[in-house]
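Starting off, we have a lone chain in the form predicted alone, written out as structure tokens.
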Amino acid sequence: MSGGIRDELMWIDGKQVPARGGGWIDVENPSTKSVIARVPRGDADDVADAVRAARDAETAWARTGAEERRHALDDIADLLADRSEAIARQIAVENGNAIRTQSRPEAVRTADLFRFAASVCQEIKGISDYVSAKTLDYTRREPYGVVGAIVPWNSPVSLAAQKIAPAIATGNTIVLKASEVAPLGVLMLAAACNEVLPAGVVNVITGFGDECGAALVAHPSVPKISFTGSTSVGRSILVAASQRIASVSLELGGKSAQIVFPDIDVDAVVPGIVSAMRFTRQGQSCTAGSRLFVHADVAPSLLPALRTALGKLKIGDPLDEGTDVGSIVSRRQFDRVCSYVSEAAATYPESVYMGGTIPATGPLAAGYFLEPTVFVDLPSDARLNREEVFGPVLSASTWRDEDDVLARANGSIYGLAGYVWCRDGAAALRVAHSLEAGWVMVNQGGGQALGHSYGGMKQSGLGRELSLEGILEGFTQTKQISVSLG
């Protein structure tokens, strides 16, 4: 403990440990701007310890039978389910996500992720192929060994589970770096894993990206890197990993389009648009549908209905069951989002439709709160239209020609998600097939389910991990065996 602030420790080789260098990082509650805990400031030495532990454990874990691994993941899921409310409250406090709309569903999903990965354990299969009557030819799917994983702060625990559960289900061990902004829930996840698994199978370290994450990416004994985060950091990871030909999967940023056709029911679609924009997660999601293209015939009724719906959202204390929208995660992110809003409002004041106001008084002034913000008819080349804001900021515009709106929707370096709102099935599928995105929802703002393929096109990512096929491709490698029968 330091001045009443609790100290949390990393998990390396089945033990809770501080950083070798003795450094600490403060963890803040963004809804109050108060420090609530400290975590170790890990560096290359701590990474080396964690990788060594993972390497020592990898052979025995890879040889553990599929049924035994399945039971282990199910046991972890049981622990996570029992602790889901505590995990949910921790997520709400450290990253500002409202407990009812975001943090509690995330905690529940984390346990479900382990149950889903458990079901994969006995589906790790190769194929046999006929090449010659004189040989027996078949393939095996084998684990990489040590997986190095890095996760962000926006859905910290479920994203960590999306790395840990598939990695260990397929026989790998793992070293995961949690975000220094929101590491506490991830350390609770690590505790559950280490209650069940042999020492060294799951290691979780904390630290800054340049001191800790970079060392993990560069480590010669980590043949697989799995990263979720910004496109800019993803590019640097891809460059660094290429120096040693490590396998890399990347789930990166997005600037996702929502396309609304004129045949929709406004009252039915507006809640979905709000959901797709992830307003109840403060827009802090890579799948946020932050570019809204509304057909000109329906815009006069849809935009006012959207303003009304957003105005009804309650912004406030993430632990309050009545809160819909919590706080932005940190001062750095808050300042970044506000800079986009202030720049667009100053350059195109006529485009401000609603929001953009930073609370100066009252309880919301005590935290990093920003009300839902909507701009209308910003130029396509406006920075807010081109770059990922990662905040509660939506840019809306109108369209009439389908080819034109598709060109505008696809005119982005990103290609993670897309949303189509349309009653005409043929038109909806035509547009869904034409969107340059790895994950497209039709007439739903959420819809992501365990087992779905999930990942990006263009600069939104590389590879898939969440589906059965994605887990096998992402966390195993194929070995060809050919046996002479002559």
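Note that the structure is a prediction, hence the values are computed from the model and not measured. Residue numbers here begin at 1 and follow the sequence given.
Same protein, other form: the form predicted together with a small molecule, not shown, and the subject of what follows.
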| request: Would you check, heavy atoms only and a 4.5 Å threshold, whether S327 touches the small molecule in the predicted complex? | output: no
| said: Taking any heavy atom pair closer than or equal to 4.5 Å as contact, tell me whether V233 reaches the small molecule in the predicted complex. | reply: yes
| Quick one: does D317 come within 4.5 Å of the small molecule in the predicted complex, counting heavy atoms only? | no
| message | Is Y454 part of the interface with the small molecule in the predicted complex - any heavy atom within 4.5 Å? | response | yes
| message | Looking at 221-229, 300-308, 138-146, 110-118, which stretch has residues with any non-hydrogen atom within 4.5 Å of the small molecule in the predicted complex? | response | 221-229
| field | Contacting member of G213, P392, G185, G289, with respect to the small molecule in the predicted complex [4.5 Å, heavy atom] | value | G213
| request: Heavy atom within 4.5 Å of the small molecule in the predicted complex: which of L252, V202, V294, I76 fits that? Just give me the one. | output: L252
| query | Does each of V17, D46 and V175 have at least one heavy atom within 4.5 Å of the small molecule in the predicted complex? | reply | no
